[in-house]
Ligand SMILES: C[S@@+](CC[C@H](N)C(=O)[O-])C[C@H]1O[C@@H](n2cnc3c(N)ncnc32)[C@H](O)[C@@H]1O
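Just one chain follows, in the form predicted on its own, and it is written as structure tokens.
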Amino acid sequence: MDLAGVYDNPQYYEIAFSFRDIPAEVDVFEECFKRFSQIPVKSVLELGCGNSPHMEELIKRGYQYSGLDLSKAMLEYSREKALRIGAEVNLIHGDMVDFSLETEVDFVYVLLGSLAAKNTSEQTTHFDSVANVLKKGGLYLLDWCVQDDPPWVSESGGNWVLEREGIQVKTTVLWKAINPVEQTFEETLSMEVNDHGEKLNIVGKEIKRAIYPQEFLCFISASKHFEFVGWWNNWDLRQPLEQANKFDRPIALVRRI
């Protein structure tokens, strides 16, 4: 089983992850541009874009948006969203592990731990692909892609309930170790949906690789393409990770050299 079933239901997925404050997160993007980018930022690329939650806000602020995803259903959902707001966007069907673009962009980001690399080789190929599409001096922001503890140490995982326009979605995330040496784990995402009385249970599983802080620093230090800029807890540039007792949606920032 993979996450295809989950991604084939973009409306429910969008509700499930609507807890985010999108304008505030774009504010953080722009503060990073101001402080750390060595080039003006006009074009952005979201990897694993899914339902492209930040697209409308970014376009409203004058940026050119591109999104890459493996799910055709998610891309079509994002395309329809762009049509509704009359926006021209570049939506690409592709694998974030190994991809290319026709033109370079000024900023790249991946959200909610969506980095799809399952081993070190795929991680290297991924960062090489990002380097090939990101202009020198541009930033790459990774949200929740660096862990403080192995995800599988939490037996209970997490769950939450959100509702919009009469549709209720209870989301549960669970983790299970696959190979501690390879740092791989299985993530199970389930959505219990009540759509105006119609009940659905949508479940997907995906293999991911944990990345730990010192490992990430060593990886970036050894890279020919990137330099480490910084990392912060809970999308707050006033909270460097070194001061965090427990990670909560940490963001890491690297720059193309």
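Note that residue numbering begins at 1 and tracks the sequence as displayed. Computed from a prediction, not measured in an experiment: that's the story for all the values here.
Keep in mind that the form predicted together with the named molecule is not shown, yet the notes after this line are about it.
Enquirer: Identify which of Q147, S129, S114, Q183 has a heavy atom within 4.5 Å of the named molecule in the model of the complex; exactly one of them does.
Expert: The option sitting close enough to the partner is S114.
Enquirer: Which listed residue (M191, I220, V229, L70) meets the criterion of a heavy atom within 4.5 Å of the named molecule in the model of the complex?
Expert: The residue in contact is L70.
Enquirer: Pick from 83-91, 105-113, 134-142, 160-168: which stretch has a heavy atom within 4.5 Å of the named molecule in the model of the complex?
Expert: Careful reading of the contacts points to 105-113.
Enquirer: Mind checking whether each of Y13, G48 and E206 has a heavy atom within 4.5 Å of the named molecule in the model of the complex?
Expert: Affirmative, all three are within 4.5 Å.
Enquirer: Although the named molecule is absent from this view, report whether D95 comes within 4.5 Å of it in the model of the complex, heavy atoms only.
Expert: Yes, D95 sits close enough to the named molecule in the model of the complex that at least one of its heavy atoms falls within 4.5 Å.
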